[in-house]
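First, one chain by itself in structure tokens, the form predicted on its own.
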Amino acid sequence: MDFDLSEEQSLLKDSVEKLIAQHYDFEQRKKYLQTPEGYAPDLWARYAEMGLLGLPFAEAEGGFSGGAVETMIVMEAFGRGLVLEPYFATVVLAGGLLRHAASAAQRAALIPAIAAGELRLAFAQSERQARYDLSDIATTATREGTRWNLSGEKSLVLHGDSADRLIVSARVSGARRDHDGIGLFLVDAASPGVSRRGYALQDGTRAAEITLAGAAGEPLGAPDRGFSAIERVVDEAIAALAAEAIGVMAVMHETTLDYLKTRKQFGRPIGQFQVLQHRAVDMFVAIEQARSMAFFATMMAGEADAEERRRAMAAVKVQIGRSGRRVGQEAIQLHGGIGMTMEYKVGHYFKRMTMIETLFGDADHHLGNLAALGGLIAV
């Protein structure tokens, strides 16, 4: 199997990595965190100029017809920089819902604005009682004439405090955990009936608690057939997060190696002690195991068979979570006390890795799912 990038993909990789290297060192990132948005609006405009915001959308709809490989390239580079901009929320999550659920007219109206950097979206899916169950939705959508009114509460909406519009999952019919009867609705974040409380997560990225009190929503596609699109987009999001995790782990490993070469004890660099060399090698092995699964996730992101796709993404989540925890813990321990300080970057990378593990289900949750599905390879 050929894992080499095409010429266009190699150029994309080089350009994104160069951009992140120039504009996302650790000190610059601290400054971005202090902005009202919690990220750098100027860089968001640069992403638009480079075509990154339109990358996964069809060319006929204002995008650049990229696929899972292109998303993997961008997300790994973003992981290396601990990028704060709402690329994952707007392009991967909400953009995926537009691609899989919206009508042609809706895509024509929204995708060019996303690609130009003029529209930011957020996916309001999680609810406090749901944990990792995508179908556990208590938010309701009721129809009055031609208008849909949404009522309920959404939690941990990534970049929901700065989004221009929200894509909200809401129940049209059925019991709370039924797969049927779930719709997706486009909501203007500034419209009456919408209130938002934004806050910073432990890794510095932003999220919001959102309350809907009769807010008007526009259905994306059929108003009661949204669950299959949600499942598919979450699987694609897991593949993107796996790629980001590789970038995060790679920097933790590189930073740790540099520290082992410079920190001296007993008159020589601690990297000369064999036991620490072994631990650094164990970190490298864990990263390579995770990298293989990130490639697998990229290959399976477009799988039409929903069960096979879920099986693959569950296995990916298990390995990414375990590798990320191993690499992060080793990085902190090998750095000693400095690894836990806010002034040193390795702890920030570990925080982001922890967030990646818990998004859409941690390793233990997905191990249970994988067992219920009969393992990675169905017998």
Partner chain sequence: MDLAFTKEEIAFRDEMRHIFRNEIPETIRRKATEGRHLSREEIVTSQRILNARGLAVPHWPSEWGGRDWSPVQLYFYQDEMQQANVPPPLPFNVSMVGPVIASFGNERQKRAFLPRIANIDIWFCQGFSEPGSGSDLASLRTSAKRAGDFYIVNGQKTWTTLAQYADWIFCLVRTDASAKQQEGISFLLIDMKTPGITVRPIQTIDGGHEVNEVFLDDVKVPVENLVGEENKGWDYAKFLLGNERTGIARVGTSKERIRRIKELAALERAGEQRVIDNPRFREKLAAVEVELKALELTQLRVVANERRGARGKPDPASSILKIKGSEIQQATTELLMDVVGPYAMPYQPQFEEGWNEPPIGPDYAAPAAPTYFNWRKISIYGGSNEIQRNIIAKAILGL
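Residue numbers count along the first chain shown, from 1. Because the structure is a prediction, the values reported are computed rather than measured.
What comes next is about the form predicted in complex with the partner chain, which is not displayed.
Chemist: Please state whether every one of the three residues 155, 333 and 338 places a non-hydrogen atom within 4.5 angstroms of the partner chain in the model of the complex.
Modeler: Every listed residue reaches the partner chain in the model of the complex, so yes.
Chemist: If contact means any heavy atom within 4.5 Å, which of 83-91, 224-232, 198-206, 160-168 contacts the partner chain in the model of the complex?
Modeler: In short, 198-206.
Chemist: State yes or no: in the model of the complex, is some non-hydrogen atom of residue 351 no more than 4.5 angstroms from a non-hydrogen atom of the partner chain?
Modeler: Yes, residue 351 sits close enough to the partner chain in the model of the complex that at least one of its heavy atoms falls within 4.5 Å.
Chemist: Answer for residue 262 alone: is it within 4.5 Å of the partner chain in the model of the complex, judged on heavy atom distances?
Modeler: Looking in the model of the complex, residue contacts with the partner chain do not include residue 262, since no heavy atom lies within 4.5 Å.
Chemist: So, residue 359 and the partner chain: in the model of the complex, are they within 4.5 Å at any heavy atom pair?
Modeler: Yes, residue 359 is a contact residue.
Chemist: Check whether residue 310 has any heavy atom within 4.5 Å of a heavy atom of the partner chain in the model of the complex, and answer yes or no.
Modeler: The answer is no: residue 310 has no heavy atom within 4.5 Å of the partner chain.
Chemist: Between the options 65, 28, 329, 35, which residue brings a heavy atom to within 4.5 Å of the partner chain in the model of the complex?
Modeler: If I apply the 4.5 Å criterion carefully, the residue I get is 329.
Chemist: Find the only residue in 237, 276, 172, 216 having a heavy atom within 4.5 Å of the partner chain in the model of the complex.
Modeler: For this set of options, the contacting one is 276.
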